[in-house]
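A single chain, nothing else alongside it, follows as C-alpha cells in the form predicted alone.
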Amino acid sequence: MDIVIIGSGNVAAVLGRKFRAAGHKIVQVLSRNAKAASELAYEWDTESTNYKSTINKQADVYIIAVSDDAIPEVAEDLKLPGKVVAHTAAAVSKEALKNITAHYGVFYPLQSLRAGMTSLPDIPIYVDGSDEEAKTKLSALARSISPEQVAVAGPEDRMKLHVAAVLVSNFTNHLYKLAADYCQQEGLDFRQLLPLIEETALRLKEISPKEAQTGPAIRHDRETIQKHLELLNAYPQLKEVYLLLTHSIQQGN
C-alpha cells in the first residue's frame, strides 16, 4: 500500500519503519515539526510537508499518529474523500475523523514505542472502522506488520485495554523510577535489579500474574514488612506506595 503518515513522533517513526519493512511505501510525511518530518522523509526516501494543503491525495491509507489532543486540529479542514484514514489513539473516538472521509477508523498499536528503538518490536494492533472498506483495509495493513496479533476492537474495548496498558507499563515504570531514586539515595546500584526485573516479566509467558506473585506481602510476613517500613520512614512517598501495594496484594490473593 501507499501510505501517508501524519505525525513525526515515536508512534509515527516506529509504525513507518514497520510499514516499510513489510513492503509498503511511505509516500509522504506530514508534520508541523519540519525538522522531524524531514528526518523521517530522508530515512524513508520520500517527501515531507508541513501543510495540510499540500498533502498527497493519491495514497491508499492515511495514518494520523499524533497526540490525542492534536487529532481534532489535524482533522480540521482535512478532506480526503474516498480514502481510508485512521488515527492511532486508544482513547479517541473514530468519529473525530468523520468529516475527512466516509472511510475512517482506528489503528491502535498496543505497545510502548520510542523513535530511538534499535529493533522493531512486536506490536499487537487493534483496528476499528466506520464501514467494511475501512475495516478491511486497516486489518490488512495491520496483519502485514503483525500477522498473529490483530483484532477488531470498538471504543469500549480499546479504552479497557488502555487502562490495563497503563497499569502494566506506565505504573510499573513509575515503580522502577521510585526504586531507582531510592537506590541512588542509599548508594545502591539500580542495575543490580535488572536481572530480577527481566525474570519477573518473562515468567508471565508461562504462568499467570497471580501464580507469579512472591514477596513478604503474599506470605503475610509481618516482621519483614515492618522492617521495610522502618527503612522507608525517610521516604514518605515510597512508604505510602509500599503500604498501598502491600494491602492490595494481601486483599487480592
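Throughout, we count residues from 1 along the sequence that is shown. Given the structure is predicted, the values throughout are model-derived calculations rather than measurements.
What comes next is about the form predicted together with a small molecule, which is not displayed.
- Considering the small molecule in the predicted bound form, the lone stretch of 151-159, 172-180, 130-138, 112-120 in range is 112-120 [heavy atom distance within 4.5 Å].
- Using a 4.5 Å cutoff between non-hydrogen atoms, residue 218 does not count as a contact of the small molecule in the predicted bound form.
- Contact annotation for residue 32: at least one heavy atom lies within 4.5 Å of the small molecule in the predicted bound form.
- The small molecule in the predicted bound form comes within 4.5 Å of no heavy atom belonging to residue 101.
- Heavy atoms of residue 68 reach within 4.5 Å of the small molecule in the predicted bound form, making it an interface residue.
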